[in-house]
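Next up: a single chain in structure tokens, the form predicted alone.
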Amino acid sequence: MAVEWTGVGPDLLLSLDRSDPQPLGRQLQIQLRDAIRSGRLDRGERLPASRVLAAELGVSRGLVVDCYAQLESEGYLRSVRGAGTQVAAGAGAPAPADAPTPHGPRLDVDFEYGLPELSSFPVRDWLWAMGVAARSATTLDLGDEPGLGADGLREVLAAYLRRVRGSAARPEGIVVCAGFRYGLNLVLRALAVEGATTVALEDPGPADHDEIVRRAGHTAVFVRVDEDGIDVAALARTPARVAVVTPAHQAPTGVLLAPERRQALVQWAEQVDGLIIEDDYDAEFRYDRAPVGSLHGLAPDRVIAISSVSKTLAPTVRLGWIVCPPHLRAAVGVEKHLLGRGAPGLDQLALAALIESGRYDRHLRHMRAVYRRRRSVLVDALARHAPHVEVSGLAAGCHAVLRLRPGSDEPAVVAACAARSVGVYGMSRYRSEHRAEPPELLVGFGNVSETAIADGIARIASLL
């Protein structure tokens, strides 16, 4: 698909050699043909207006008009009233026959795990916040981002996390980053420099964390998760001195780290002189009780809390933060400086304005109500169409776990659902050995309408 340039047309790299005995018009024709044949100019792409191209090349407009007319007669170009001169549909390099499609078959209902409601992104509030950021930004704000992030955002985040998450955050301890994974990479690289060698991960746990750990120079070990969260006794039997956990709503099982396990985890960190990396996953959306406070509030010297707005606003915003213990802050700052600073400065100022104005809280309250309704529709649909399926993980967040009958072929069920144009996802993708026992499905409802939830469950009920 050709880019639809606006205005008088885009610049175009052409060079006429006035020392060449070949006429300039002939040179221009040859260069434009070559650009079209090679694919530099795509089918349907608009060329610069004749007067603009003539001025850029230092030739008469008539020379360019004659060149365009010649190439149009040869079938390379076409004139479109009101749209200028374009590369003809049949001209140019053919598209490669084996070009891969960017996505698989489109599903009628896609219960994608880990995705929030994207159509509810608060566009007006974000535009307002960007306007505030642009109007209030100083010349310093428009330069390189300060090492740990915009001071205004760090102050607002610290106050917000203390108020809403029960954190012990202070502005000087916050490092702004471009989302959770970026933050995790920064922390793991800093810990590798500090001498840590082994990192414990939850099993099952978020996809790709083991690869991130290995690429940061550590060895990954896996610790099972049960109905009370990570097994701290099993963790203590590993050589790890760093553990990555999702205590508020375990990803992907959805269990809450039990109070006694929270205490035991902190005690483990004290005993081994270790650190806990807290992924504050889905903490904002809780339905069965009041929100659970951050683990960071229990042991700020032992917990590195990382979070982002990927679930609360949208993944594309790419803004997150790290709450660091004092002894690790400088090392994380160095890694951030070396890896690429972090996140756009104006976006940081906009997020600060959004949170401080109360618009962020208002959006969260709205989304809690949306997700609560979708959760209820999912529960009702399962009760109606598949009453024997065991459902868990619904205390918070935007997904549920469906336990299939013992002995069920998890991958086969996933494939059969896809054949009915319904996307569900196997728990085995998130287990350390990719095993399918017990067979379970992840069903995300964050980005699925209530009507689609009911329709999707009805379609696959017999497969469950």
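Don't overthink the numbering: it's just position in the shown sequence, from 1. All figures in this text were calculated on a predicted structure; none of them were measured in a lab.
Absent from the display: the form predicted in complex with a small molecule. The rest refers to it.
Visitor: Within 4.5 Å, heavy atoms only, which of 268, 285, 160, 180 is in contact with the small molecule in the model of the complex?
Guide: Contact check passes for 180.
Visitor: So the small molecule isn't shown here. In the model of the complex, which residue out of 378, 351, 275, 251 has a non-hydrogen atom within 4.5 Å of it?
Guide: Looking at the other structure, the residue within range turns out to be 251.
Visitor: Can you tell me if residue 393 lies within 4.5 angstroms of the small molecule in the model of the complex, counting non-hydrogen atoms only?
Guide: Looking in the model of the complex, residue contacts with the small molecule do not include residue 393, since no heavy atom lies within 4.5 Å.
Visitor: Within a 4.5 Å heavy atom cut-off, is residue 85 in contact with the small molecule in the model of the complex?
Guide: Flag for residue 85 set to no.
Visitor: Check whether residue 114 has any heavy atom within 4.5 Å of a heavy atom of the small molecule in the model of the complex, and answer yes or no.
Guide: Because a heavy atom of residue 114 falls inside 4.5 Å of the small molecule in the model of the complex, the answer is yes.
Visitor: Find out whether any non-hydrogen atom of residue 368 is located within 4.5 angstroms of the small molecule in the model of the complex, and reply yes or no.
Guide: No - in the model of the complex, heavy atoms of residue 368 and the small molecule never come within 4.5 Å of each other.
Visitor: Taking 26, 33 and 76 as the candidate spot, are all three within 4.5 angstroms of the small molecule in the model of the complex by heavy atoms?
Guide: No, the candidate spot makes no contact with the small molecule.
Visitor: In the model of the complex, which of 309-317, 331-339, 351-359, 231-239 comes within 4.5 Å of the small molecule (heavy atoms)?
Guide: Every other range fails; the passing one is 309-317.
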